[in-house]
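Before any questions on binding or motion, here is one chain by itself as structure tokens, the form predicted alone.
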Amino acid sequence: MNILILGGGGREHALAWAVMQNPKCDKLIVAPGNAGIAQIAECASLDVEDGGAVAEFAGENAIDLVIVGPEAPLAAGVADRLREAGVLVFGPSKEAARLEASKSFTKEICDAAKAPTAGYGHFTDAESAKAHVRAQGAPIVVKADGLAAGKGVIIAETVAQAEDAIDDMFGGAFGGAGAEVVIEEFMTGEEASYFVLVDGEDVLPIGTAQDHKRVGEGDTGPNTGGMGAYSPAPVLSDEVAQRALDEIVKPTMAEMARRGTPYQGVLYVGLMIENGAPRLVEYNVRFGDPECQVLMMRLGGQVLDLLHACAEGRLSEARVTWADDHAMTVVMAAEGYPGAYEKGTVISGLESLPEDSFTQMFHAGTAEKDGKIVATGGRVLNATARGATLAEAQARAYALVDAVDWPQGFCRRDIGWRAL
């Protein structure tokens, strides 16, 4: 098979690595890719949010399957355009991608499906939003309604913080994503992520993970796109996972199908779990980043078979084979992230790292310049490892971190602390 993966981050490097393990993969192209992906696959310069350009590229390169990594192309309708052109694609339609692209839409679906989630209000102006906050009190959660690259969520400890967040959002801090806001009750418990494949009808669970959103150790400081993750998530026991499927995922998918917008792709189910009862925090319509890295590390080459079956509507035939193992990824970020950070700093020591089925350094924000690897983003590298225990995976991941020479980078040293 000839395969095209859209995206250029750590998630896509992990997907590319797993797909390449499968003998059915004859040729792999990643657009736009990054310096790490370029070492294992062909990279192509392509506007991944232009459905027509992607469809044309797929035709010219005899692509058998397109795997869409990030949310933006899905929200832009790229999967629809590919389907119209007769190209097999893994990823939901633009209408189904609203489960991530609009938080108020997701709340409306949850109401219709009677799926347990946080109480909320949806607002299009600052004054009524602030009045709601004052009536509810704090802590409270303020969310930009649209796509904000994982950054449009403020957990406000005080009413004043919530009001500031509302002003920021309506003032354009998150661009168009903050033109409307959703304000939610603050849920207590432990957060974890559940990943399922859906082909419109059938649902296949493919793993659990827990990530660390805050930049500082002990889960302190501002929220980020994620500073590390591990799989499996102990809090998501078989019983809790089954409840999440029965009470949240399956009713949501049935409601989407009932509306004539069946969901096809991976569904990232963000859950808050308290006393064994799961409630929905959010849906994402693609693999999480960095959760994807630990899932790919554990699943390996079978990922291609699973995604292919999902895209062809054959999920009822698919089976996941799990090893009794654990995986962890530690994000190495540029000093200053998630605020302002320097770009173009040189990273050394990568060429001598071990790369096998137990350890991989996935690249997120990197490029090659004058024969050197340089940092181009906030989250730059994902030191990823697996082991028989989480402690073993953690030791291997931090050994990778310590072998990298990058003075302008930093990481959290306590990834996995809740489970360990």
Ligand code: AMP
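In case it trips you up, residue 1 is the first one in the sequence shown, and so on. Keep in mind it's a predicted model, so treat the numbers as computed, not measured.
Quick note: we don't show the form predicted in complex with the ligand, though the next part is all about it.
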{"item": "Among the candidates 80, 255, 247, 184, the residue which, in the predicted complex, approaches the ligand to within 4.5 Å (heavy atoms)", "value": "184"}
{"item": "The unique member of 75, 311, 141, 240 whose heavy atoms fall within 4.5 Å of the ligand in the predicted complex", "value": "141"}
{"item": "Partner-facing stretch of 332-340, 317-325, 87-95, 279-287, counted where any non-hydrogen atom is within 4.5 angstroms of the ligand in the predicted complex", "value": "279-287"}
{"item": "Proximity of residue 153 to the ligand in the predicted complex, heavy atoms at 4.5 Å", "value": "yes"}
{"item": "Residue contact check: residue 306 to the ligand in the predicted complex, 4.5 Å heavy atom", "value": "no"}
{"item": "In the predicted complex, residue 298 touching the ligand (heavy atom, 4.5 Å)", "value": "no"}
{"item": "The ligand contact at residue 213 in the predicted complex, heavy atom, 4.5 Å", "value": "yes"}
{"item": "Residues of stretch 244-277 in contact with the ligand in the predicted complex (4.5 Å, non-hydrogen atom)", "value": "272"}
